[in-house]
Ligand code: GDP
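Quick setup: one chain, the form predicted on its own, written in structure tokens, and binding and motion questions come after.
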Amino acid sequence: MKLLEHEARNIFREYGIPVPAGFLIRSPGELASRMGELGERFVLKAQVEVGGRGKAGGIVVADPTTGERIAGDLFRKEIKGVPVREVLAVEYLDIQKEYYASIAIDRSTKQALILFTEEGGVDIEALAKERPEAVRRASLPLLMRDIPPFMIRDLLGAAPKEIGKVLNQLYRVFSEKDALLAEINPLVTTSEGIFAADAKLIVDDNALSRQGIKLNRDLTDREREAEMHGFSYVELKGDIGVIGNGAGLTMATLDLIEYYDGKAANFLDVGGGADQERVMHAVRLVAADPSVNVIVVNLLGGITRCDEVARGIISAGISQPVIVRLAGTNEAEGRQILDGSGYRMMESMEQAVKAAVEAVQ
């Protein structure tokens, strides 16, 4: 789950990373009563869970004469379709130099990947692609508590050595907060010292409860409902609903849909041993997506009984056509139940997927 900037900066501050003075507001009136805390110039930053706020007009420099008006404009604004409900007001920094620092999971090496460059405040992906030599990298085993001094020296190059302490503090945030990404862009030097002028933190969804986070804001309503039922579910952008049992089988179904020039609307793994009620909830959940025109149910019956699956499909009572491939335990009974209710049964996964793609075309 991606934290909002004000949430991430509060965590950074707890770990000793300097951040500019500021406060969160939920209305222009709140700014008016506290504007004196910010000085002659300050920055108003829309708090939304999307990137590119600056280019979209979500970050604006203001002063006491314009602050309340600009705050009002921000609260009436949508950033990439997301309404602004909160605004972070922070002091204006007289920046001397901007740097970039981040720590992420490198899945290929199963280590922490540390990135640092003297060219902060830019699109790091574009910089790494166009001028990879400008970005210094280091990999660190996740069991390490601190970044070794030699590694910090290699990362910093000619940058101020004081930034090394910030890198270590950022690494501790990354480790102890179960983060997938901890980023400061830009990390700036001023006459007053070093500051994290922005803060980004993405926490592993699997660790939210351990971090005391009760609600995953990144989930859609259907993804949240799926979580309540214990389904592995991800919304996609297509029109063919997918229900399988086992991540491998479900992914193979998605791959076949793509192979036959179709587009999957979701990934839903009901897990092993799914009974009639569980299958019913899965079918209804997928059918509730208005973009779904047809549903493929692809299940192998081991501990899952095909007759239970068939009854679950029928009891769902949905309007979209359902194309089914069942194999395994009580397969004949499941086929008989579905045949008698007018559902299309296919002999293979390939046939089921091809029929679904043809149906939406």
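We number the residues from 1 along the sequence you see. Fair warning: this is a prediction, and the values are worked out from it, not measured in the lab.
The same protein also has a form predicted in complex with ligand GDP, omitted here; what follows describes it.
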request  = Answer for residue 121 alone: is it within 4.5 Å of ligand GDP in the predicted complex, judged on heavy atom distances?
outcome  = yes
request  = Decide whether residue 302 counts as a contact residue for ligand GDP in the predicted complex under a heavy atom distance cut-off of 4.5 Å.
outcome  = no
task = Find out whether any non-hydrogen atom of residue 260 is located within 4.5 angstroms of ligand GDP in the predicted complex, and reply yes or no.
result = no
request  = Give a yes or no for residue 64: in the predicted complex, does one of its heavy atoms lie within 4.5 Å of a heavy atom belonging to ligand GDP?
outcome  = no
Of 93, 152, 74, 202, the one that lies within 4.5 Å of ligand GDP in the predicted complex (heavy atoms) = 93
query = Taking the partner as it appears in the predicted complex, which of 307-315, 49-57, 294-302, 327-335 has residues with heavy atoms within 4.5 Å of ligand GDP?
reply = 49-57
inquiry  = With ligand GDP taken in the predicted complex, which residues across 185-202 come within 4.5 angstroms through any non-hydrogen atom?
reply    = 185, 186, 197, 198
